[in-house]
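The chain that follows stands alone, in the form predicted on its own, written as structure tokens.
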């Protein structure tokens, strides 16, 4: 039950986009098309999950025992950059159309705050108030990435409907209405606050 509550909390209650406002650049930029949002979500889930596992292991079994905690940020960025390069090479080779449509947003996963924040969360004590075990780390990193994917894919369908709408005044088209909609989604997700303590 503890793992289920942790997953629900990461997906809905403490969704990383709508409560911490991290990863907004790819959220707004890639979500104009459901296909691009789905591709970005898959890439981000893979990078977040794998980099969290490696970062957690490096921190727990190398940096902490050797009292090298000050190298945590550098080590995690190197791990994340390596996984992003792997994903980029994979997409360029096997899914070239998606690789071209994602453009600059694919390498931006390296600097996406979501990936680094999850790696730092699982390596520290900011998620549950104590050090995470392996199960909690896996649950939290997967659920946070799935929560990001859920929001960006849902938002892409909302944006698709808004692009085709003739009711919007011209000044509200594009990123203006996208940011207003993101704010309304964040307010809607605030209804989940306090659901899980």
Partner chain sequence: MADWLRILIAVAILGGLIALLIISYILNKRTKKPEGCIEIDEHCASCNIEGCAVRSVAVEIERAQGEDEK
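Numbering follows the first chain given and starts at 1. The term rigid core refers to the most C-alpha atoms you can superpose between the two forms while keeping them within 1.5 Å. In this text, all values refer to a predicted model and were calculated from it rather than measured experimentally.
Although not depicted, the form predicted together with the partner chain is the subject of the following passage.
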Q.
How about residue 79 - does it come within 4.5 Å of the partner chain in the predicted bound form, if we only consider non-hydrogen atoms?
A. yes
Q) Are any of the heavy atoms in residue 36 no more than 4.5 Å from a heavy atom of the partner chain in the predicted bound form? A) yes
Q. Going by a heavy atom distance of 4.5 Å, is residue 66 a contact of the partner chain in the predicted bound form?
A. yes
(Q) Contact with the partner chain in the predicted bound form for residue 29, defined as at least one heavy atom pair within 4.5 Å: yes or no? (A) yes
Q | Residues within 4.5 Å of the partner chain in the predicted bound form, restricted to 66-95 and counted by heavy atom | A | 66, 67, 68, 70, 71, 74, 75, 78, 79, 81, 82, 85, 86, 88, 89, 92, 93
Q) Relative to the superposed rigid core, does the CA atom of residue 74 travel 2 Å or more between this form and the one not shown? A) no
Q: Would you tell me if residue 101 moves between this form and the one not shown by 2 Å or more at its C-alpha, with the rigid core held superposed?
A: yes
Q) Aligning on the rigid core, do we see the C-alpha of residue 183 shift 2 angstroms or more between this form and the one not shown? A) no
Q: Based on a C-alpha change of 3 angstroms or more, tell me if residue 103 and residue 24 lie closer or farther in the predicted bound form than in the shown form.
A: farther
Q.
Please check whether, in the predicted bound form, the CA atoms of residue 37 and residue 95 lie closer or farther apart than here, given a change of 3 Å or more.
A. farther
